[in-house]
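Next up: a single chain in structure tokens, the form predicted alone.
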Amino acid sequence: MKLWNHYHTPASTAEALQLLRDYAGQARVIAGGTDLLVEMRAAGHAPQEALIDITGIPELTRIEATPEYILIGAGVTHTQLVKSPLLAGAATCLVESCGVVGGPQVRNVATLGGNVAHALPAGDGTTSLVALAAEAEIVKDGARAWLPVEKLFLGAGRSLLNPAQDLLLRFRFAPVAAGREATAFSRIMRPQGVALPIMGCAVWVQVTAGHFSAARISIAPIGPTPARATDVEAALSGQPATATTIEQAAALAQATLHPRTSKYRATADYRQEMIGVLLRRTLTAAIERI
């Protein structure tokens, strides 16, 4: 079955944007294609007029560091993320979350930008980006801007970005301060290696003099868009970084977060129980890393 009529491989962001303008809404951006091609096959519609492949644009395929930020191109694959020595220490939760996406073949081509652009709240990479307080650089309606990652999500499968007009370029976040900050990710899933996650949890914590001085917690999927567990974060602040505090945080998370039953994942009751399990695991791992 023919899925597209024309296929372009621009060498720059400017060229990609010009192609999108030329096709006036009749083209789609593609990177790994692990979501898009499945959707196109399932739709059974006429072929897409054009696909714009962004994997040859250098700024979208690099991982780099500046004095303030770690920068990750939207076209960086999950395998690149998992193998990055820079991210192993500066964003451990992102390495852990991207390492459980699909199987090796999927990770070799699937991109972090695609994970976010697909706008599903259960995305493992997205969960970690939220805990890292990451921002996304986008070109929307011709204007280039940085936005918090959460702002790209309008609902389950609904993105702020128009895939026929806009571009997702890069992500940025501050690296962790070794010895004082740490991150961790864990998820519950069925035994099959490529099964949908039942629930995932990413945390970033800062510890000063043996006490939590700040925390960011992302547990997903809970609602139709990714969000932080702000009540739990506030409760951790100023408390000793001990097993007792972690138990209290897990209990509070279970009391304040309310996942729904999903026929693809698990019942609401089971997922409610897993909130506590995941938060204990990730907070404990992060503290041990500090």
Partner chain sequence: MSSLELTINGKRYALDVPESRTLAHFLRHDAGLTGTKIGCEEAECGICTVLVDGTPVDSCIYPAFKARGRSITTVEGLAQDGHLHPIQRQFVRHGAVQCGFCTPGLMMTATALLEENPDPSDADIKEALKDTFCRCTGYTSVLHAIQSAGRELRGLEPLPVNDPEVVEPLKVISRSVPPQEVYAKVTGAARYTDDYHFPGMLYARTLRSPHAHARIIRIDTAAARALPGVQAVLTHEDVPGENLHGLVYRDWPVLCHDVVRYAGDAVAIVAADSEDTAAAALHLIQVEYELLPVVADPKFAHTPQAPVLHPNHPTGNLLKHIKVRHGDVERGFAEADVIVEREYTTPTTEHAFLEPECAIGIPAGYAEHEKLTVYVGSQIPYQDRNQIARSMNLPEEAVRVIGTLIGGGFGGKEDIAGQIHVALLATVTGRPVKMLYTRQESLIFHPKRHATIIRIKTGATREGKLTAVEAELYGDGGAYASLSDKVMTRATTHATGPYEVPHARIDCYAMYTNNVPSGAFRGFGVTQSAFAVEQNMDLLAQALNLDPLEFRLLNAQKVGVTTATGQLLRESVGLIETLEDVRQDLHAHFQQPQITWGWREGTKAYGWGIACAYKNTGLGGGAPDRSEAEIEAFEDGSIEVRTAAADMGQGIAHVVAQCAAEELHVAYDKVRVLLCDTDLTPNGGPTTASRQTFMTGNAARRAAIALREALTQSAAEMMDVPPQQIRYEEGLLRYNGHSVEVGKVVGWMKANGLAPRTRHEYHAPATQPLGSGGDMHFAFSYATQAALVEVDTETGETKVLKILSHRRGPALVTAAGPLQDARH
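These figures come from a predicted structure and were not determined experimentally. Residue numbers count along the first chain shown, from 1.
From this point on, the text means the form predicted together with the partner chain, which you will not see here.
Undergrad: Closest heavy atom of residue 104 to the partner chain in the model of the complex, within 4.5 Å or not?
TA: Yes, residue 104 is a contact residue.
Undergrad: Are any of the heavy atoms in residue 33 no more than 4.5 Å from a heavy atom of the partner chain in the model of the complex?
TA: Yes, residue 33 lies within 4.5 Å of the partner chain in the model of the complex.
Undergrad: Even though the partner chain is not shown here, does residue 274 get within 4.5 Å of it in the model of the complex, heavy atoms only?
TA: Although the partner chain is absent here, residue 274 would touch it in the model of the complex, with heavy atoms inside 4.5 Å.
Undergrad: Would residue 260 count as a contact of the partner chain in the model of the complex, using a 4.5 angstroms cut-off between non-hydrogen atoms?
TA: Output for residue 260 is no: heavy atoms all beyond 4.5 Å of the partner chain.
Undergrad: If contact means a heavy atom within 4.5 Å, which one of 33 to 41, 57 to 65, 233 to 241, 250 to 258 is the stretch that engages the partner chain in the model of the complex?
TA: Looking at the other structure, the answer is 33 to 41.
Undergrad: Find the only residue in 213, 165, 108, 159 having a heavy atom within 4.5 Å of the partner chain in the model of the complex.
TA: Selected option: 108.
Undergrad: The partner chain isn't shown here, but in the model of the complex which of 133, 139, 188, 82 has a heavy atom within 4.5 Å of it?
TA: Among 133, 139, 188, 82, a heavy atom within 4.5 Å of the partner chain in the model of the complex occurs only for 188.
Undergrad: Across 1 to 29, which residues bring a heavy atom to within 4.5 Å of the partner chain in the model of the complex?
TA: Residues within 4.5 Å: 1, 2, 4, 5, 6, 7, 9.
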